[in-house]
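One chain follows as structure tokens, the form predicted alone.
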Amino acid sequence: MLSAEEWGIVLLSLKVSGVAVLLCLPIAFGLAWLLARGRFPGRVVLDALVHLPLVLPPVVTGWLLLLAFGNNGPAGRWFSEALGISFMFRWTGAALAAAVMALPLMVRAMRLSIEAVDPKLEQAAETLGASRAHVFATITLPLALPGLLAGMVLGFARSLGEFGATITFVSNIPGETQTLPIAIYSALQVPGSEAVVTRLAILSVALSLAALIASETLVRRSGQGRGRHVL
């Protein structure tokens, strides 16, 4: 059984992860489409930049977010003045950090799904007079949808496990930025908190495992995932 404080940590983690996925979704889909269908100079560089958070130390990613979205950063100052949104020491900053770390995995899953759509089906529809928007809405999107959902689930799981960039960018503030992994880390520093660590760790493993299984299942059931995996 979780205490009221631990339930608060879980709910905060779910909120941060959910907002991170929604924030990331249009950007991830746009990048996945460009990388899957686009042919332009610098495509390899864009691909490398998208996947950079996977290989960068999370602390470096958090530091870069601090420079860009901190109170004195160019993006952070604009968001604060124009939209009234602050990221420093706020759950919104934790969501931003989680979104950045989840982006590469979401793009990868969506890109594989888009690449698996047979272009001949789209060309046939256009030959019959369908507009590009109609072809996209009735053929491309439905066929790619399982992969898009798989990317969202995988991004959600990655957001739940985000630690390094988050604690570097928005610190560890109970009730505001203390998500599951940060709460586990904090409990490890307190003698006699083994029970708390165990409960939160088991919950974290269960949520992550369920999300990974769901992602792979969605790709396989799409009928396009033969020999493909989101990881």
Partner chain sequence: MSFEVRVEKRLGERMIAAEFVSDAGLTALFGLSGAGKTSLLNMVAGLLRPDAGRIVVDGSVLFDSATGIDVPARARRVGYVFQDGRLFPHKRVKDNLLYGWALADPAQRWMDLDEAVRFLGIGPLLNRWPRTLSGGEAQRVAIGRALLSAPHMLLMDEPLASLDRGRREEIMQVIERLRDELKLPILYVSHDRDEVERLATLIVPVESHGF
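Everything numeric in this text was worked out from a predicted model, so none of it was measured. Numbering follows the first chain given and starts at 1.
One more form of this protein, predicted in complex with its partner chain, exists but is not displayed; see below.
- Its partner chain in the model of the complex comes within 4.5 Å of a heavy atom belonging to A124.
- Taking the partner from elsewhere, N72 is found to have every heavy atom lying beyond 4.5 Å of its partner chain in the model of the complex.
- Its partner chain in the model of the complex is approached by H134, whose closest heavy atom lies within 4.5 angstroms of it.
- In the model of the complex, at least one heavy atom of K120 sits within 4.5 Å of a heavy atom of its partner chain.
- The three marked residues, A130, T138 and P142, each reach its partner chain in the model of the complex, with a heavy atom inside 4.5 Å.
- Heavy atoms within 4.5 Å of its partner chain in the model of the complex are found in one stretch of 142-150, 74-82, 97-105, 157-165, which is 142-150.
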